[in-house]
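Below you'll find only one chain, the form predicted alone, shown as structure tokens.
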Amino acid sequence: MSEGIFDKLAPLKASYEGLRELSPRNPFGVVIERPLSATVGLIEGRETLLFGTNNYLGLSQSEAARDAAIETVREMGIGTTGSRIANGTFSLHDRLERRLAEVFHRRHAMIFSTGYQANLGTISALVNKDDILFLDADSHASIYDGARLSGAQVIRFRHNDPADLDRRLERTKNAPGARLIVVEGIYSMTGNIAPLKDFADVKKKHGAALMVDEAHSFGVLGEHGRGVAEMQGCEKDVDFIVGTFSKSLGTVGGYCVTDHDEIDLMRLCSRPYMFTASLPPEIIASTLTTLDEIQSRPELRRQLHENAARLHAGFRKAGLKTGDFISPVIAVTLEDVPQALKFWNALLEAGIYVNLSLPPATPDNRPLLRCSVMAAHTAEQIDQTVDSFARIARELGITAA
């Protein structure tokens, strides 16, 4: 007798049911009934501070972007009904690609329907089974999935460790095929910032190509908001920058920018680009508007960094375990899953929403309470959140009473 279609999910079912027994809420099913502002949403009928939305600059609630979307819907309808290589390319798509290339000082840009697809589509277009991928061990799931789709050999190196990458590249110096290194600017789970300049030096030494995912750093770091590569002065040494519209830009979609003129060939061998309906015109219009806002309002980045420093210092003063980097992603590390579930539920009861991140999706298999700071948060909202974390940590015996 053959197995049932869901039999293979039995271990996952047992794990999921174990979590539900420990938590009065489904940690994977929180519903934001509606946002009341960039920083406050209605959850379980209560006004709740949003510290887990990746809306770093608060632009998901941009009035100008909403107006642009509404006007565009009226003029162009609600969707393209096709992929970019068929009927899905509108003039707005070309305009956004030209604008992104201009912002990054690159010759070309290619946009995707999601940030996830940007990694899948770029990696699988650049390497195949005859090539080697070098991935930071803490890479996002979309990078690992892109690696699988490409069929390339994968070699992982230690997180944020250029010396380890150097050793692994040296071992493959006589191997056939192309070599592509993939790292992130800011790592989404911990907020760690990559030593990109050091990675770029290793890349040049070995003649490999370098791709950087700046999903969490675009609009956030660098004098003009272009991310970690700009902040560390190594943009010219990065071959491909990939990112998303769903963080600081506040919409949805993804992109790859590059100076390599072969980008039109990438469009013809990137399955996530070729076989997905393109972004609807209202999303393109609102993204163009928030892109302009990022460029014209540098004060948003300054405020974001002040807010991130305030939250990070508050957590440290309360005795909570956080990383050393100050970025808009600030994670509190806990000891075990039951403790993390109690903490996360207590925060929601206190009117604070953060992301609960559980193993195996977390570094070192330890649970995290992951916070995303916004430029739109007030000092009072940040202090309220720190006070709630500190109180709950004392009540759970995590810090001294």
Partner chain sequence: MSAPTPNASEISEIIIEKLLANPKVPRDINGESRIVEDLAFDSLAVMNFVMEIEDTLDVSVPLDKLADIRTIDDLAACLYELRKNQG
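Positions refer to the first chain, counted from 1. Since the structure is predicted, the reported quantities are computational estimates derived from the model, not experimental observations.
Omitted from view is the form predicted together with its partner chain, to which the following refers.
The partner is absent here; in the predicted bound form, the one residue of E306, D198, E293, D164 having a heavy atom within 4.5 Å of its partner chain is D164.
Contact with its partner chain in the predicted bound form, judged by any heavy atom within 4.5 Å, is made by just one of I155, V103, A318, I326: I155. Just one listed stretch, out of 342-350, 61-69, 329-337, 357-365, contacts its partner chain in the predicted bound form at the 4.5 Å heavy atom level, and that stretch is 357-365.
The three marked residues, Y144, R168 and R171, each reach its partner chain in the predicted bound form, with a heavy atom inside 4.5 Å.
Although the partner is absent here, A137 lies within 4.5 Å of its partner chain in the predicted bound form, judged by heavy atoms.
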